[in-house]
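What follows is one chain in C-alpha cells, specifically the form predicted alone.
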Amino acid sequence: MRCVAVGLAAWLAVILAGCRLAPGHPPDPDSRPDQVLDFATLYDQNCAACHGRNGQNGPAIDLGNPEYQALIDDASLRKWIANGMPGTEMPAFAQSAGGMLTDAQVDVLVAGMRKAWRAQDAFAGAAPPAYAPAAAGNAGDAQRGQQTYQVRCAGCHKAGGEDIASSTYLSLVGGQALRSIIIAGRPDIGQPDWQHDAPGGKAVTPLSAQDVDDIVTYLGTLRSAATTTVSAQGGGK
C-alpha cells in the first residue's frame, strides 16, 4: 500500500505541475510579482478596480469600448499606463515612474487590451476627430464651447444628475480624458459618441474637431475657476 501511495503522490505532482503551465492558468503563487506576464492577471490586479471587469462599468474610462481602442494609439496608451494621466486619479504604474510594473508588463497590458477590445472598423467608416487637439495648449474657444455644450450636452447631463460641468466631476477628469469620452463615448453607461451626441442619443450632425476643442476648453475654464476658488479659501495646495 505504501508503494501505491507514493506512486499516486508522484502522479498527482506531475498533473499539478502540468496544470500550472497550462495557458490561462494563474501564475505560480511563488513567482515574483514582476515575473507575471498574464494579461488577465495584470489587468485584474492593476486596472479592473477603476476601469471595470472586461474594461466596462467602472468609474473611469471604458477601456473595453472599441471606439476608444481605435482612437488611441499604442504610444499614448502605453504612456498613460506607465506615467499616469495628469488631472485624473490615474496613477503611474511603471517602475520607472514609481509604480510596480516592469516595461514588459506594461507592454502586456497594451497588447492584451488591443487583442481583447480593439475591433476592425470601429467607427463604421467615419473619420472621428483626432485623439489629441490640433494645437498644444488652449486650442478651443471657451465661449463657443459653452454654447455648444448647452445645445449638445447639458440636456442629458443635467437631467440625469451627471453634470460634467460641476467642479466635483472636473476635479477628477483631465482635458484628454474629457476629449476621449466626448469622441468615443461610453457605451457601458449610455454616453453617445461624437456622432450621436444629442438628447436621447439620436443621430445628428456629428461634432466637429473644433466643437470638441471648444467644449473641452470651456470645461477647462470651469475647472480653473473651481481650483482658484478653493485656493482662495485656503483649501488648495
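Since the structure is predicted, the reported quantities are computational estimates derived from the model, not experimental observations. Sequential numbering from 1, following the sequence displayed.
Keep in mind that the form predicted in complex with heme C is not shown, yet the notes after this line are about it.
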Quiz item: Might residue 184 be said to contact heme C in the model of the complex, defining contact as any heavy atom within 4.5 Å?
Solution: no
Exercise. Give a yes or no for residue 65: in the model of the complex, does one of its heavy atoms lie within 4.5 Å of a heavy atom belonging to heme C?
Key: no
Quiz item: Counting only non-hydrogen atoms and a 4.5 angstroms cut-off, does residue 174 reach heme C in the model of the complex?
Solution: yes
Quiz item: Do residue 91 and heme C share at least one heavy atom pair within 4.5 Å in the model of the complex?
Solution: yes
Quiz prompt | Interface residue in the model of the complex among 108, 122, 77, 142, criterion: non-hydrogen atom within 4.5 angstroms of heme C | solution = 77
Quiz item: Can you tell me which residues in 179 to 195 come within 4.5 angstroms of heme C in the model of the complex, by heavy atoms?
Solution: 180, 181, 182, 186, 189, 190, 191, 192
